[in-house]
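In the block that follows, a single chain appears as C-alpha cells, in the form predicted on its own.
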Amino acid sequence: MQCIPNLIATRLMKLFYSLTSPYARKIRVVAAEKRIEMEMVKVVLSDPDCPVSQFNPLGKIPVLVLDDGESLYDSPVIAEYLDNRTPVARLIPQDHTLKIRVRRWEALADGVCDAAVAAMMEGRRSEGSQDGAVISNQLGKVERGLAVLNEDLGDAKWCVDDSFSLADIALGCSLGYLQLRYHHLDWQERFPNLARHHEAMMQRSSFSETAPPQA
C-alpha cells in the first residue's frame, strides 16, 4: 500500500498595507517582481481598530509578518529581506559599490516621499493652525530631491548600471505618490527624465497593477 505523506499547510507571510502608501507600494512591487506570494491585508491607519500597532510599535506601514510570526519594518528592511529570500529577479546588487548606489537612490526617493507626506499632513490641519513655513520647507526638499534625481538619471533607462533594480521601484513609487497628491507641481514637465522613467515603469504589470486610485 502506497504511503501518502502528510501535507503541512504553509503559513503565508502577511503584508499590512494601504492603497495610497508609496512605501507599502514599493514592497508590493518587490513581491510581484520576485514572484513571492503573501497575504495582503489592507488597513486604514486612522481606524481605531487598526491592527498595525500590534506588529509595529510605531504604527506605520508597511509591516511584513513572517510565517513564524516575527514582524519586519520598514520598507528598506522588508525589501532586502524579500530580495534575499529567492534569487529570482535580483533587485539589490551583490556587488558592494552597486548596492550602495541602489540604496542611495532608494534613500533619496523615500526622502522625497517623506517630505511630501509631511507637507500634506501640515496642509490638512485647520487653516488657523497650519504653519506655512513648514509646508514651504518640506516642499523645498521635494523640489531639490526631484532636481537631483532628474539630473542623476540623465538619459539612462534605469537608475543604476543599466539594470532594473530597487532604485527604480523606489523612484517610481515616489513619483506615483506625487502624481496622486501634488498635481500642481507639474513635475512631468519640469523633470522630463523622471517623466520618461515613470512612463517606462508603468509598462510593468507589477507597477501598473499597484497604482494608487486617482482622486
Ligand SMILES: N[C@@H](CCC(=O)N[C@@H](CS)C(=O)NCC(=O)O)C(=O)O
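The first residue of the sequence shown is number 1, and the count goes up from there. All values derive from a computational prediction rather than experimental measurement.
Same protein, other form: the form predicted together with this ligand, not shown, and the subject of what follows.
Colleague: Whether Pro87, Ala89 and Pro93 jointly form a contact site for this ligand in the predicted bound form is the question; each needs a heavy atom within 4.5 Å.
Modeller: Checked in the predicted bound form: no contact with this ligand for any of the three.
Colleague: Out of the stretches listed (53 to 61, 183 to 191, 164 to 172, 32 to 40), which one is close to this ligand in the predicted bound form, meaning heavy atoms within 4.5 Å?
Modeller: The contacting stretch is 53 to 61.
Colleague: Consider the chain as shown here, without its partner, and state which of Leu66, Ala156, Leu45, Ala147 has a heavy atom within 4.5 Å of this ligand in the predicted bound form.
Modeller: Checking each option against this ligand in the predicted bound form, the one that comes within 4.5 Å is Leu45.
Colleague: Find out whether any non-hydrogen atom of Asp83 is located within 4.5 angstroms of this ligand in the predicted bound form, and reply yes or no.
Modeller: Outside the cut-off, so no.
Colleague: Find out whether any non-hydrogen atom of Ser21 is located within 4.5 angstroms of this ligand in the predicted bound form, and reply yes or no.
Modeller: Answer yes; at least one heavy atom of Ser21 falls within 4.5 Å of this ligand in the predicted bound form.
Colleague: Mark Pro76 yes when one of its heavy atoms lies within 4.5 Å of a heavy atom of this ligand in the predicted bound form, and no otherwise.
Modeller: So Pro76 counts as contacting this ligand.
Colleague: Can any non-hydrogen atom of Asp110 be found within 4.5 angstroms of this ligand in the predicted bound form?
Modeller: Contact with this ligand, yes.
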